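There is one chain below, alone, in structure tokens, taken in the form predicted on its own.
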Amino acid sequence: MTKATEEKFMALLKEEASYGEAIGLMAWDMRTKAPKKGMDNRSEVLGVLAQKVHEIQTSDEMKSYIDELKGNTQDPVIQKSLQEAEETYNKTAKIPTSEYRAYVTLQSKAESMWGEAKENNDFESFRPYLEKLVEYNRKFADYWGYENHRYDALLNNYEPGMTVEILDQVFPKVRKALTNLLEAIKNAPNQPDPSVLEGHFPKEQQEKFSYEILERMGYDFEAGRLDETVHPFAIGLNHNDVRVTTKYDERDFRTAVFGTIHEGGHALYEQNIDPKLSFTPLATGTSMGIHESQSLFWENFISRSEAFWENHYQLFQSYAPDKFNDISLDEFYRAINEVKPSLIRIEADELTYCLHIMVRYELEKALIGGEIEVKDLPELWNSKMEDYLGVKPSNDSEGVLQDIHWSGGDFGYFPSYALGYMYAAQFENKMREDLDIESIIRQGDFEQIKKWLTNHIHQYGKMKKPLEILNEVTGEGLNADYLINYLTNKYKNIYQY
């Protein structure tokens, strides 16, 4: 009887995953190719499909399989799938199906409106949608329950085990270290010259270079594609269909080049999950923090390194405008690593990046906690940007409207970027014990690095929890010192202070 029940359980998971893949494909289409007039209808369709997923996750059939198989199966994939299904059931069943469908419909409509609001610098047109999203997230957090802070319930969606208490201990330590470094760099006599990077760089040439770098990283174009969008993202429909998007700026090639590599890191994770996990809830990254560790590892520790450009600068010059033929490798390397507080998160240098995350974290925490309201966001955003980074947005498009996350209801997501950066530093430190990273990067063959990441992280999907992976790979829990040391050493060398 158990074998037959296992088969029925896995068939139900496959049905759920199939609806999920259809939802993912529609989401990709809405962000890349879909015509504007089709957005409202598409949002309604997404709501219907999401309701089907919700019904499967909370069905009596799902509950019966969980009850019958729990403790009665020897298959490790089924065991872990049962754990995930039970966690999802217990959580999702607390949200009425009608509310969930309405929420998903609202998400897609809000995302479309956010795009218009950002383009038109019109926060007020987006505000009603955001207010409803915040109201839903507060309500959902209360449904799910929490011990100390309502925001903990949302954090758990993206980083299981993470709490406000932990973040409020770690983030101030990192913020202090970063602001001290920022002050030292500001006063350093040996400043890079970013003007060497200025000039028109045709989108078509940026695209060709991006394709070639993705291929060198090990991204499988037979199992994915590269497209253009307003806000770059990667989406895994299944391990054989993982799509990357990027944004091209002909005035600043860094947006596309480093953005593509960042999303490529996400994609490599999804493409190299063990195929035996397909059509289960395990066939994705274990958490957004671990996911971000992979994208930030490739973007910062690899592609912003001196070793990377020693190998790839000549390739870059073959696609770049002729002016780069007169710019030395040292000038170029120092310029792309310039530290300069900026308004836009996705264009931030790697040293100030975490400060952008802390601005968003503190606003989200206060918003979900009911300490502030949506109408307060533009002013508070500008104030915190000025306090933490010393820059103040001149309009909401470069301020509170710049990120897509809130329009999708992704409250609790932002801290994973900073956590991922810390995880990446820990993984990189451990990788150095096994591999001569600089030598590998200089050779331009990343297969050993990709294999190390697959063996230690990628293949497991959600078979292991994030902190379990971190402990098993590095031998310790979250430790921000590795990131602080990495940034300190790198920028002392670049700025020579």
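Quantities reported herein were computed from a predicted structural model and do not represent experimental measurements. All residue numbers refer to positions in the sequence shown, first residue = 1.
Not pictured, yet referred to below: the form predicted in complex with a further copy of the same chain.
Enquirer: Which of Leu49, Leu467, Ile437, Ile66 has a heavy atom within 4.5 Å of a further copy of the same chain in the model of the complex?
Expert: Comparing distances to a further copy of the same chain in the model of the complex, the residue within 4.5 Å is Leu49.
Enquirer: Considering a further copy of the same chain in the model of the complex, which of Ser318, Asn240, Ser328, Asn121 comes within 4.5 Å of it through any heavy atom?
Expert: By the 4.5 Å criterion, the partner-contacting residue is Asn240.
Enquirer: Check Ser278 for me: does it contact a further copy of the same chain in the model of the complex (non-hydrogen atoms, 4.5 angstroms)?
Expert: Yes, Ser278 sits close enough to a further copy of the same chain in the model of the complex that at least one of its heavy atoms falls within 4.5 Å.
Enquirer: Would Tyr460 count as a contact of a further copy of the same chain in the model of the complex, using a 4.5 angstroms cut-off between non-hydrogen atoms?
Expert: Taking the distances in the model of the complex, the answer for Tyr460 is no, it never comes within 4.5 Å of a further copy of the same chain.
Enquirer: Can you tell me if Tyr19 lies within 4.5 angstroms of a further copy of the same chain in the model of the complex, counting non-hydrogen atoms only?
Expert: Answer yes; at least one heavy atom of Tyr19 falls within 4.5 Å of a further copy of the same chain in the model of the complex.
Enquirer: Can any non-hydrogen atom of Gly38 be found within 4.5 angstroms of a further copy of the same chain in the model of the complex?
Expert: Yes, Gly38 is a contact residue.
Enquirer: Non-hydrogen atoms within 4.5 angstroms of a further copy of the same chain in the model of the complex: do Asp29, Lys33 and Asp220 all have one?
Expert: Per the other structure, all of Asp29, Lys33 and Asp220 touch a further copy of the same chain.
Enquirer: Using a 4.5 Å heavy atom cut-off, which of 440 to 448, 66 to 74, 424 to 432, 41 to 49 contacts a further copy of the same chain in the model of the complex?
Expert: The contacting stretch here is 41 to 49.
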